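Presented below, as structure tokens, is a lone chain in the form predicted on its own.
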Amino acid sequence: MALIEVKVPDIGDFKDVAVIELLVKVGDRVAAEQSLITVESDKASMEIPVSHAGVVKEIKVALGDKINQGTLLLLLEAESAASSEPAPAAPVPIQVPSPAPTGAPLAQVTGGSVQVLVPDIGDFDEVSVIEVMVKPGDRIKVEQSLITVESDKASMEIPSSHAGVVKEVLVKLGDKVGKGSQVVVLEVAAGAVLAAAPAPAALVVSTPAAALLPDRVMPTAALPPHEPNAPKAALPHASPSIRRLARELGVQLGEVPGSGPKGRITQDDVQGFVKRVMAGAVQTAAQQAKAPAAASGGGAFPGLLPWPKVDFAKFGPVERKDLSRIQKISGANLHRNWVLIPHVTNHDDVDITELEAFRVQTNQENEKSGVKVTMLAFMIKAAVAALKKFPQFNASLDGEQLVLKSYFNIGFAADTPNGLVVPVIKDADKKGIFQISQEMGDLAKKARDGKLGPADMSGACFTISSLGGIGGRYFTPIINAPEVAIMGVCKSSIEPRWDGKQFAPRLILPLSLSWDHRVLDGAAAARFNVYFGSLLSDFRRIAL
């Protein structure tokens, strides 16, 4: 068998393209025209095929290498008696529309107006408009892109032949256009000379080896070389530069929701996904695979024993009951928050004797108003004051940045027949005790009736979880991500306290502040707790 040197064929005007993927290894048996490597410029990617069938004996390039026409890729032991120097296999060509003949008009003049038409786009009869880049009143330059169109295989931008002001846009998103379709009407300067038809950016034709493309090309997702029979519909819609960014960040593009036209994944989409993962707002498929799987018997993390499977019925009568919708949603969120946030909890006691007396008196004096002031309303106002004094508690972690908020929305845990929910008092800094109490009552009723909407439970800066009506002394409330702290409150009780002369009965409220150790430290938490307690001990401080 002959030993063949496989080299890079003619790849056009592209120099020093990077090897981004090796598709074979030493010992692999390859078929003629099978792809060997994937290379990428800053605008597009392509696969380099082999001209002969054979066995890979040695690979001469590595990931990150820069290659050009003639670069030696590998040594192949050919399976036929072919010449040891065969003609190099050419990459599958792209179909590029032929430019319009010199002087061929692209626009039709009507007075001072020009109708810009779609030029010759090759064999594509109808393509969809996926982006409109201009609007009436815009001043545009020659060759400025007007719209983006896309077939089921590729996309391209349609440029303008003239400079001028857009009078009317004649297409909209989703329209089908072809050669000669009207795009926009331009108001051009008097005496403007009609230009020949500018060649549109080449359409990328999906082939087993998509060629490297010129500037305006926005290639669609090519089939992965290691999955030649994979369905195209399942592939993420992203350009080569975005794919390269995703590889550098270790992101699986299939998990990133695209915000561009037709779900195209943008740079912001990739970076935003990474930030959300780092903040614990979303889990990757790999993270989810490691999550507890009680139903399937999987382990929570590598090295842990699987969840025990028990036939409970053999020990006695049992009844099975589905988790409520709230339990399913809150359970997943609470588990994520507990696992991803390093919780620390500070416990403290606060004397609320005077504040409780004031609350009772207030309710007696305003009994006819129908609004019952609760201790939680005072706590919400105290939380606002504490957040203003310690702004690092009114924050959220977003990747490697801390988002400091200038608004004060306070969540409070509400008990319902189906489980706990957290309605939010918006702009609590702008509301008084009576208004907060009224709004809390309304939200709590909506919660019990199952009528809370997403807007009622979003946007909180800080949460208070009160078990005051039930009992208990201290507990560790779980932080409600993306917040960085939560205040837990248990049932107050009468206790003897030394006043300097004697023991006197005082009403004591237990506090439990959980905080995110990635953002806060013990000293800050202690100061926050002390200040919060001082406001409840003497509510006159709220006015200072």
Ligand code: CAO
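Start at 1 and count along the sequence shown; that's the residue number. Just so it is clear, the structure is predicted and the values come from calculations on it, not from any experiment.
In what follows, reference is made to the form predicted together with ligand CAO, a form of this protein that is not presented.
(message) Residue-level contact is defined here as any heavy atom of the residue lying within 4.5 Å of ligand CAO in the predicted bound form; does Arg336 satisfy this criterion?
(response) Answer no; every heavy atom of Arg336 is more than 4.5 Å from ligand CAO in the predicted bound form.
(request) Give a yes/no on whether Val30 approaches ligand CAO to within 4.5 Å in the predicted bound form, heavy atoms considered. (result) Outside the cut-off, so no.
(request) Answer for Val39 alone: is it within 4.5 Å of ligand CAO in the predicted bound form, judged on heavy atom distances? (result) Val39 lies outside the contact set for ligand CAO.
(request) Look up in the predicted bound form whether His343 has a non-hydrogen atom within 4.5 angstroms of ligand CAO, and give yes or no. (result) Heavy-atom contact with ligand CAO at 4.5 Å: absent for His343.
(request) Let me know the one among Thr148, Asn394, Ser161, Ser465 whose heavy atoms come within 4.5 Å of ligand CAO in the predicted bound form, would you? (result) Spelling it out, the residue with a heavy atom inside the cut-off is Ser465.
(message) Please identify the residue among Val519, Ala53, Cys490, Ala481 with any heavy atom within 4.5 Å of ligand CAO in the predicted bound form.
(response) Checked against the cut-off, the match is Cys490.
(request) Select, from the options 243-251, 311-319, 409-417, 138-146, the stretch whose residues sit within 4.5 angstroms of ligand CAO in the predicted bound form by heavy atom distance. (result) Of the stretches listed, the one contacting the partner is 409-417.
(message) in the predicted bound form, does each of Ala383, Ala428 and Ser537 have a heavy atom within 4.5 Å of ligand CAO?
(response) Not one of the three qualifies.
(message) Only counting heavy atoms and a 4.5 Å limit, does any residue of 426-465 reach ligand CAO in the predicted bound form, and if so which ones?
(response) Read in sequence order, the residues that approach ligand CAO (within 4.5 Å, in the predicted bound form) are Met440, Ala444, Ser465.
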